[in-house]
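One chain follows as C-alpha cells, the form predicted alone.
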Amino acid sequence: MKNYAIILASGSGERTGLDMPKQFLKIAGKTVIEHTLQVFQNHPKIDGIIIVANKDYLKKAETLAKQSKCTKLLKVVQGGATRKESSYNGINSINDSECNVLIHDAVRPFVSSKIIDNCIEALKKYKAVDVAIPSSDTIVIADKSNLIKQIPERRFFRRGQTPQCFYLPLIKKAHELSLQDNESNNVTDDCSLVLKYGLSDVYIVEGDHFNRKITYPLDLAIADKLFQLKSLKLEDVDFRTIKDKVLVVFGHSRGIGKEICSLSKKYGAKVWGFSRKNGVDVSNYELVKNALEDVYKNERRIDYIVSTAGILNIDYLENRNIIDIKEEIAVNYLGVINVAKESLKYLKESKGSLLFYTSSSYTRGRAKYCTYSSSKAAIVNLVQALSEEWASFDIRVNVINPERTATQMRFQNFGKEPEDTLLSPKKVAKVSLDTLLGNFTGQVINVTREDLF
C-alpha cells in the first residue's frame, strides 16, 4: 500500500509576530518547509508528497519544492480557513481509493526517519496512528476563577506531535461526518475527529523531544541552534561509485586525511593529496589555487574536495604567542575559506562535493581551546552558508564532527590514550566517503564511537 505525506503549510504565522508565515522563514540555509520536505523526500517508504499552502503562497511553496529537488511532490493545493479544512483539502486531493496518509505540520522540520518508519509500521495493524511524547510538566485543571480543581496523574498525559497517520478511507469518513457537525469546527487535529465519531482506536507511536513545532519567536532561535546540533543518520553507500572519480585531499599525509586517500584508492578513485609535506600549506591561497589547477590540468575534472588540515595548540590565551595564534587560525579557518573559494569553479562543472571537519568543541568554547573551538564553530557556519549559496550549482557542502579520534595531532597534545576510548581514523574515513557520495548538503555529520562500533 502506498504512503503519502500531506504537509500542512497554510498557517499565517501570526503567533510569531512576523510578516511572513514561519514555514517560509530561513533557518540554517533553507526555509523551514524545505527542511521538512527533505525528510519525507529522502524517506524510502514515502511514495508521494502533497503540500497544502495558504492561497497567497501556493506559487512560493511549489517553487521551493522544486528548488530543493523534491521529486516526490505530487501537487500543491490550497488550504482552508482552519487546520481541519486544510487537512480535508489535502486528503481529497489524493486519487487513490486505498492508501496511507501521514499528515504533518510543515513547521516540524525535525521529524526523524525513525518516527516515520514506526508510523508506517503501526499502520499495518491500526487504521489511525498519532505521535506523542510523555509530558514532562504537571497538568493542572483550573476553573473560571483560576482556582485549581484537579491535578491528574502526569503518567497518563502525552504531548501530541505530528505526523498523524491514517488509512485513507477512515480519515475521509471522519472529515465527511464533521461536515454535518457544527461542533467539530474547533477541532485542531485529525485524530480528534476519529475519536469523536468512534471510528477507530488511535495507536500512539513514541515521538521525540527534538520533533518540535516552530510557533513563537523563541522557537525560531531554538530551531536554529538545533539545526547546528542535529546529527544526520547516514545510509551506507556503494563505494564502488567513486571509481575513476577525481578526489583531492588537503591534509593527506596523516590521520583522517591519510585514511580517506587509502580507502578511496581501494575503490578506484583518482586521488591527489596535498599537505605541508609536499609543499602545500592551506593557509596560503596561491598554493591551494596552484594545487587545484595542477589536478585539473592533468585530470580535466575534479569531483570531490576534502580538507582535513588542522592545528591544535592547547593553553590559556594569556600564555599563547600571537604568531602561534595567527598560524592556528590561518590553517584552521582561513585555510578552509581558501579551499572553498578555489573549489567552486571545479565543483560547479562536476556538480561535486566539498567536505570539511569541525570538532565537538564547536558547540561551546572551553578553557585552553578558545582559538581552536572558535575556528571550528566558524567552519560550521561557513558550511551552512555555502550550502545555501551553492545550492543552485548542485554542489554539496558538508562538515564532519568526529568524537575524539586517534590521530597524531591528538597524541601530540594528550599523549597516548586507551584505543578503545577513541575513534579510529579509518572509521571516520568511511563516514567521510559516505558523506561525499551522499545527496544531502549543509549538514553536520556527528561521528561517535556508539555509531561506529
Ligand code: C5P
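Position 1 is the first residue in the sequence shown; the rest follow in order. Being a predicted model, the structure only gives us computed values, none of them experimental.
Quick note: we don't show the form predicted in complex with cytidine-5'-monophosphate, though the next part is all about it.
A residue is said to contact a partner when one of its heavy atoms sits within 4.5 Å of a partner heavy atom; V447 fails this definition for cytidine-5'-monophosphate in the model of the complex, lying far away. Using a 4.5 Å cutoff between non-hydrogen atoms, G11 counts as a contact of cytidine-5'-monophosphate in the model of the complex. Shown alone here, T82 lies within 4.5 Å of cytidine-5'-monophosphate in the model of the complex, counting heavy atoms only. For S86, a non-hydrogen atom is located within 4.5 Å of cytidine-5'-monophosphate in the model of the complex, even though that partner is not displayed. Just one listed stretch, out of 142-150, 112-120, 98-106, 328-336, contacts cytidine-5'-monophosphate in the model of the complex at the 4.5 Å heavy atom level, and that stretch is 98-106.
Note on the partner interface in the model of the complex: the residue among K258, K172, K213, K72 having a heavy atom within 4.5 angstroms of cytidine-5'-monophosphate is K213.
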